[in-house]
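One chain comes next, on its own, written out as structure tokens in the form predicted on its own.
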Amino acid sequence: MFSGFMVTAWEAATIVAVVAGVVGFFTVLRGSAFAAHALPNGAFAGAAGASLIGVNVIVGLGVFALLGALTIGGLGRRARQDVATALAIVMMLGLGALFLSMTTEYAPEIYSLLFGEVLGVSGSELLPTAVIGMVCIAVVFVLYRPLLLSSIMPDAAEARGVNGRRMDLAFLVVIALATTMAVPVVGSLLIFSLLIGPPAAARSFTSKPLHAMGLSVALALGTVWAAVALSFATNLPIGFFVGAISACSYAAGRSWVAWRRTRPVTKISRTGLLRA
């Protein structure tokens, strides 16, 4: 499990998990789950088109993911971004259906892009994956303060000179880059579960931003590592395990929140005694 081609699989999965944990934290905080779902599915059309003309699928993924991000950011307003997101995904899925109807030669590759095939990641794909991942993380940390402020208090951010529309567009581009990097590993249908499940669970366990982001990365790593091991042992798609474990982690987070609400609240009186 830890020799030969599996080393590349573990490395690729680790990179994807770290990026998903960081980017996913802001995806959940900004309420961008629909965009995180739409961009990977729309970008799949780019991969299908790239396969059709014989171009590297990562190029197709990147082009369509960025086009989708720019379309959503350009047409959508913060309060009504869902309409622009829906239009973008409909347009790209339509193109994807067209491209798939024109070829039957790349069925295994297309299947792996839909459901993930981390065990099939080649060494040549590892460097582009790592570079794109580092770019995503670097952009998030450069924009950390304005991005956090515009996510939590958009009106206060505008008053301090933070352009909310530009923040939306910049973050959509980050999601597009994360999509380009992660789809070949975990698949377009379930990358959004990795961007949503662990970060949402982390936010249930702690409200401190940096702590939640760190926990999000830890949960994403645990999710992907367990999924790789189970996929190797069972020969089932890694995307299934990523989705199932992500859902379980979120359920655990919500259970923790519910349990904390039922605990008796204790207060320290002036005499130093605890009162329930």
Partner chain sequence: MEFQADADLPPILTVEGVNVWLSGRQILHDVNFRIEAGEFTGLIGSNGAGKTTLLRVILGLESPTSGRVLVGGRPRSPRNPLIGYVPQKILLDPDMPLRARDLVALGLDGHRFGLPRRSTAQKVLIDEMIDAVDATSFADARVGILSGGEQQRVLIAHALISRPRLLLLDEPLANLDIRSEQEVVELVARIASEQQIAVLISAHDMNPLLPVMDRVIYVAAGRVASGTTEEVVTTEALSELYGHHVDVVQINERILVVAGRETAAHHDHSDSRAE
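Positions refer to the first chain, counted from 1. These numbers come from a predicted model, not from an experiment.
A second form of this protein, the form predicted together with its partner chain, is not displayed here; the remarks below concern that form.
**Q** Quick check on Glu158: any heavy atom within 4.5 Å of its partner chain in the predicted complex?
**A** Flag for Glu158 set to yes.
**Q** Quick one: does Leu210 come within 4.5 Å of its partner chain in the predicted complex, counting heavy atoms only?
**A** Taking the distances in the predicted complex, the answer for Leu210 is yes, it comes within 4.5 Å of its partner chain.
**Q** Mark Ala130 yes when one of its heavy atoms lies within 4.5 Å of a heavy atom of its partner chain in the predicted complex, and no otherwise.
**A** Ala130: no, not in contact with its partner chain in the predicted complex.
**Q** Is Arg254 a contact residue for its partner chain in the predicted complex, using a 4.5 Å heavy atom cut-off?
**A** Because a heavy atom of Arg254 falls inside 4.5 Å of its partner chain in the predicted complex, the answer is yes.
**Q** Between the options Met134, Met153, Leu75, Leu126, which residue brings a heavy atom to within 4.5 Å of its partner chain in the predicted complex?
**A** Flagged contact: Met153.
**Q** Can you work out whether its partner chain is within 4.5 angstroms of a heavy atom in all three of Ile15, Val217 and Asn235 in the predicted complex?
**A** No: none of Ile15, Val217 and Asn235 comes within 4.5 Å of its partner chain in the predicted complex.
**Q** Within 4.5 Å of its partner chain in the predicted complex, which residues of 127-144 have a heavy atom? Give them in sequence order, or say none.
**A** Stretch hits, in order: Phe141, Val142, Leu143, Tyr144.
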